[in-house]
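Here we start with a single chain on its own, the form predicted alone, put down as structure tokens.
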Amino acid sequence: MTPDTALPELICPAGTPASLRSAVDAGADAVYCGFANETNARNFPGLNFGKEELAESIQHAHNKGAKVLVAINTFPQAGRTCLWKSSVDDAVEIGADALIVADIGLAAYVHRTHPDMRLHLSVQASASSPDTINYYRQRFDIKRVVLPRVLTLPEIAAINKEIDCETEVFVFGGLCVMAEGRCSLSSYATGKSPNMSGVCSPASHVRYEQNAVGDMTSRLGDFVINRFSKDEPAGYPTICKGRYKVDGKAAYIFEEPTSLNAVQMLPDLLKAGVTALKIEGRQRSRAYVAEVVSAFREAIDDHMGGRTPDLQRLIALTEGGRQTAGAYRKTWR
């Protein structure tokens, strides 16, 4: 591999102040995180930041030369928009480098109230065409769009030729059913919407039941999501990664438990005009964050320095030890 493009920005997850410090220390150019409320799409107990915690974390990141991007990327609920607006105001006040938003009304609020604040369009907005992206750019001065994980490399390259803003893509971590920002499966089972409440498969609705021989059944609300033999690791029950019977055969009909790993495609992504590479995992441990960020930092630096990156280091961190290139090498239509 030989470098022929500008150095990409490495965008890394942080669900806690400790994870943020780990990501920055491991080489993140920027860290994305959210407040401990429904305004961000990883609204899990024990995760995220209070205002004071985030202010201190932003200062730490800035001292290390890193940026902090605050995700306010769920859709405001009718009659409760004040929570989303106050979160925007708080993020601006404590020095966030950019806001990641999905809702068009919230984008309008930021553009009108804080015109100097840098805006990124969340993957939750599902903006996958030049016309859509250009509209957000022209109307709300969006500086960057996080592209949905449904696009091939040629499609990303074609989009970049027709838009006037930066693009950011996911390169490692969990995958969602291929309809970014439009998940109704979890909300059907639990009454909690990932796109409005910010929580997919909430722990309060999860149950594990073990029978006499040691086999495990996982449930989400009233629904059986999977059954595991006693020697099989029991994964967390999310509907999209459940195993169901179809025509009498049990299979992963939506999505198999595997992780996106696009490290091998760094040269192609950069040639396609991608500005930033994003790692998923705000719900992961600080140790996981540190290891993944460090491995990607090394891979990017090796590529840009004309050296061959170590492509094996990240395999051990994929879900179940399995990886996929996702839609980047899509072979179906």
Partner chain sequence: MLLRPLPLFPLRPLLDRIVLAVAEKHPRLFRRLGEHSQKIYAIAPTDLPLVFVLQPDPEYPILEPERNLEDVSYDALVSGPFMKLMDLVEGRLDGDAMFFSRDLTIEGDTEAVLALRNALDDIDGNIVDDIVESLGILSLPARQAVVCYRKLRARASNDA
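What we label the rigid core is the largest C-alpha set whose atoms superpose within 1.5 Å from one form to the other. It should be emphasised that the depicted structure is a prediction, and the values quoted were computed from it without experimental measurement. Numbering follows the first chain given and starts at 1.
Form predicted together with the partner chain: not shown, discussed below.
Interface membership of Ala203, defined by any non-hydrogen atom within 4.5 Å of the partner chain in the predicted complex, is confirmed. The closest heavy atom approach of Thr16 to the partner chain in the predicted complex falls within 4.5 Å. For Met304, no non-hydrogen atom is located within 4.5 Å of the partner chain in the predicted complex, even though that partner is not displayed. Using a 4.5 angstroms limit between non-hydrogen atoms, Pro233 touches the partner chain in the predicted complex. Checked against the partner chain in the predicted complex, the candidates Tyr244, Tyr188, Tyr208, Tyr135 yield a single residue with a heavy atom inside 4.5 Å, and that residue is Tyr208. Interface residue among Thr81, Ser184, Thr152, Ser229, judged by heavy atoms within 4.5 Å of the partner chain in the predicted complex: Ser229.
For the partner chain in the predicted complex, the listed stretch (65-73, 45-53, 293-301, 270-278) containing residues with heavy atoms inside 4.5 Å is 45-53.
Of all the residues from 283-297, those having a non-hydrogen atom no more than 4.5 Å from the partner chain in the predicted complex are Gln283, Arg284, Ser285, Arg286, Ala287, Tyr288. Relative to the superposed core, Gly235 undergoes a Cα shift of 2 Å or more between this form and the one not shown.
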